[in-house]
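Encoded as structure tokens, the following chain is the form predicted alone, with no partner shown.
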Amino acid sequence: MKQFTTCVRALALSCLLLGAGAGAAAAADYPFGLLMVGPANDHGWSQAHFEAGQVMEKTLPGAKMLYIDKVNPADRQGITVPMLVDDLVSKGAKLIIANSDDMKDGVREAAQMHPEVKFIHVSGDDALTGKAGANLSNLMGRMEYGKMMAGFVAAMTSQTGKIAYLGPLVNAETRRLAASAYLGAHYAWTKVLKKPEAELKFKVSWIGFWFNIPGVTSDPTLVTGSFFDSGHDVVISGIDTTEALVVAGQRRKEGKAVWAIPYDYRDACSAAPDACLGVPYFNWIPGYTKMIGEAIEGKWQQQFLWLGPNWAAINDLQTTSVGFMPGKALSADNEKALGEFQKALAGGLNLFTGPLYFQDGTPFLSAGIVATDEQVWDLTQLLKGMEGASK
């Protein structure tokens, strides 16, 4: 895939956010705010952002993080993104990062309300589509590669040929990531293991949000258990938290031959090491360093950055934006095969190459045609061979 070119308002809110991590900043600092959809210690998506923010405080002169976590309707009912931005700005924030696709409308509104403040929306594309002012940029990692690796090791390990994908909510981002996992699994199954395509089963179930909200979403623990009960022996997680891996670890203690692949966070395998095949993770340090660093230096420019792995050092936290940490449960032979697969991807192997069909049977890519970045970014359906809802 080619690189794209690019209470009463503040007073009541300050009371509400006591203990959330937002604090006053010294005038000499460059305060930046971080709005996280989940808890800062979720061992997943939000923790990866939080720890990158901590690195910025250590490496960028003057950088000081103000953060608010659990920015979602269940944890902060009636509180909007613009209200939270107002609070951070009142504490001195000069740049604000919103870390969830769900914050798109709110961060767009807040950016219009505060033209003097710089904004980074993670996973959106307003800077690309022209829907945002010059003070809003977008940042995302090319996790498509990470999910391909996850699918690859899942298929190499599976003893049943039945792989499951635990999805969050359904949108273009989650469709393309689930599809990437399927393409990685399909490549391993048919090209490396040379097994019949019909013997590979790939099922997607969506819980309804990025993590479990009791009474609102499906329970990921129960969904994962159902996968294993129905014969799926590897579950690839697409949600922000580690339930799939925890359940897999419990089943392995019962003597079951099952595995899981968590998501988002470099150390996620620690939740159940003996069941973990590895984890595709986001590393926000390179993107944060560039964007926040340029803002501190007075060189801010509106950008859409979709950053990928450093193939020469895929787990180098200074240079790679997407990595893959092999897990304890990944066999030596399959880890070697993964290394060869990574070399192929680095050398130009593109699994978004036709012939590919959408789930409803309509053509996606003709034989030999490589998908454009736009086609991958805005994937409208799951692919043929995947079981599960596309919308």
Partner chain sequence: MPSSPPEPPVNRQTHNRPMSPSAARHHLGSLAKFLVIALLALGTVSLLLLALGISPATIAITLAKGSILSWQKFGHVLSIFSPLLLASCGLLFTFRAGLWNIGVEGQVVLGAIAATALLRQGSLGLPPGLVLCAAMLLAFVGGGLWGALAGWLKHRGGVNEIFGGLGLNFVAQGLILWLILGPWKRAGIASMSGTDMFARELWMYTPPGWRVAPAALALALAALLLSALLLLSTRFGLRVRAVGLNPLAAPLFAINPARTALAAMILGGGLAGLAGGLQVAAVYHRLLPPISSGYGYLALLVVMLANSRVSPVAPICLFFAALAAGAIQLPIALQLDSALSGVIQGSCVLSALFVHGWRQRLREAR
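Residue numbers count along the first chain shown, from 1. Because the structure is predicted, anything quoted here is derived from the model rather than measured.
Below: the form predicted together with the partner chain, not depicted.
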The stretch from 304-312, 276-284, 207-215, 245-253 that lies within 4.5 Å of the partner chain in the model of the complex, judged by heavy atoms, is 207-215
Contact residue in the model of the complex, chosen from L317, V117, I296, V170 - any heavy atom within 4.5 Å of the partner chain
V170
The one residue among R176, K203, R76, R266 placing a heavy atom within 4.5 Å of the partner chain in the model of the complex is R76
Consider D87 of the chain shown here, and say whether it contacts the partner chain in the model of the complex, taking contact as heavy atoms within 4.5 Å.
yes
Is D126 close enough to the partner chain in the model of the complex to count, meaning some heavy atom within 4.5 Å?
no
Given that the partner chain is not shown alongside this chain, does M113 nevertheless sit within 4.5 Å of it in the model of the complex, heavy atom to heavy atom?
yes
In the model of the complex, does F352 have a heavy atom within 4.5 Å of the partner chain?
no
